[in-house]
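Read the single chain below, which is given as structure tokens and is the form predicted alone.
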């Protein structure tokens, strides 16, 4: 399998810097997601690896620089957002295209096409044209064409974005299973955080042409490196606080209105330092106003609104001092009414201090 390394890679268009000297190592067989909002530079990173754009710095494949290697000689498999299938060619001809361009023997190409049809569950569809296929089938054809040439790396540029929600979720599982079976090093670009969390071995969260944090999905979600990551990944209540001191392995901190809370944070924190307190909705318990547990962070609050979504209700409450918190309640009977007085509580370990 093949590893990838970006070394101080920068991309500039005139006075506009799109990538700010990024360095990143991707392990062989790893499934890495580049995640971020539109314009953050994630697709540009993919295009750098493919050789589509000029850049400063260096890109290495298996420890060897490929900066001087033209796009068509890098041999990298790519699946685009719109799949880019040839509408006038059959499924089998689309899959065989890259093999024919490399001058393969007809018999060998035929065998490889059959392998891909079987691997991607496209048996019996080889004679059809793309316009006769469903969205999920077209996506599998694009994947089959990309991996038929046995590329060292597979690049996926938001290949699921055009599918409806149910099919997209099904294809997430299929794509992940396929990548594990084939063992190909994969770089996946998406702006969909749930997609990245569900599919990737690691996630590189990007914003403004810089990598904000790299880690496993659990690390990124549970321990965001800064305010942007905490806000972009999942839902989170974020409130400015100042550190007052340490207590039993946690930090004592105060909100702007003087409310005292406890949270976990970096060892480098010190009294007076400014942070944002991040608390995930699923970590906040809603209880009757008379419920008090001194081991928890506890605040009186009033329900502002409730959004019912089947098995879960998203409840937004306003605490004393005006702070808004996003909470969740699960179960068919869950959910409260606007104006209801409640008490919210969470453990100090579920509150994370993150820098700006």
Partner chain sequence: MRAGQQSRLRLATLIAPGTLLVAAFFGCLGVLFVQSFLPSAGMGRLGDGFTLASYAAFLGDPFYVGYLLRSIAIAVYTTAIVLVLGYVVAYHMTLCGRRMRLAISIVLLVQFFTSFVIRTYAVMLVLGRFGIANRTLQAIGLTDEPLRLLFNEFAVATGIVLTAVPYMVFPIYGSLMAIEPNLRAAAESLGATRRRIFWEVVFPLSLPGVAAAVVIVFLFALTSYIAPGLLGGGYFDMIANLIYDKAVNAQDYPFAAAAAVVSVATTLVLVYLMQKGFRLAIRGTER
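Numbering follows the first chain given and starts at 1. Being a predicted model, the structure only gives us computed values, none of them experimental.
Keep in mind that the form predicted together with its partner chain is missing from the display, and what follows is about it.
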4.5 Å heavy atom contact, residue 210 and its partner chain in the predicted complex: no
How about residue 111 - does it come within 4.5 Å of its partner chain in the predicted complex, if we only consider non-hydrogen atoms? no
In the predicted complex, does residue 219 come within 4.5 Å of its partner chain, counting heavy atoms only? no
For residue 145, is any heavy atom within 4.5 Å of its partner chain in the predicted complex, or not? yes
Does each of 98, 102 and 149 have at least one heavy atom within 4.5 Å of its partner chain in the predicted complex? yes
Just to confirm, with a 4.5 Å cut-off on non-hydrogen atoms, which of 272, 249, 124, 87 contacts its partner chain in the predicted complex? 87
The single option of 178, 78, 238, 285 touching its partner chain in the predicted complex, heavy atom within 4.5 Å: 78
Spot the stretch among 89 to 97, 182 to 190, 254 to 262, 196 to 204 with residues whose non-hydrogen atoms come within 4.5 Å of its partner chain in the predicted complex. 89 to 97
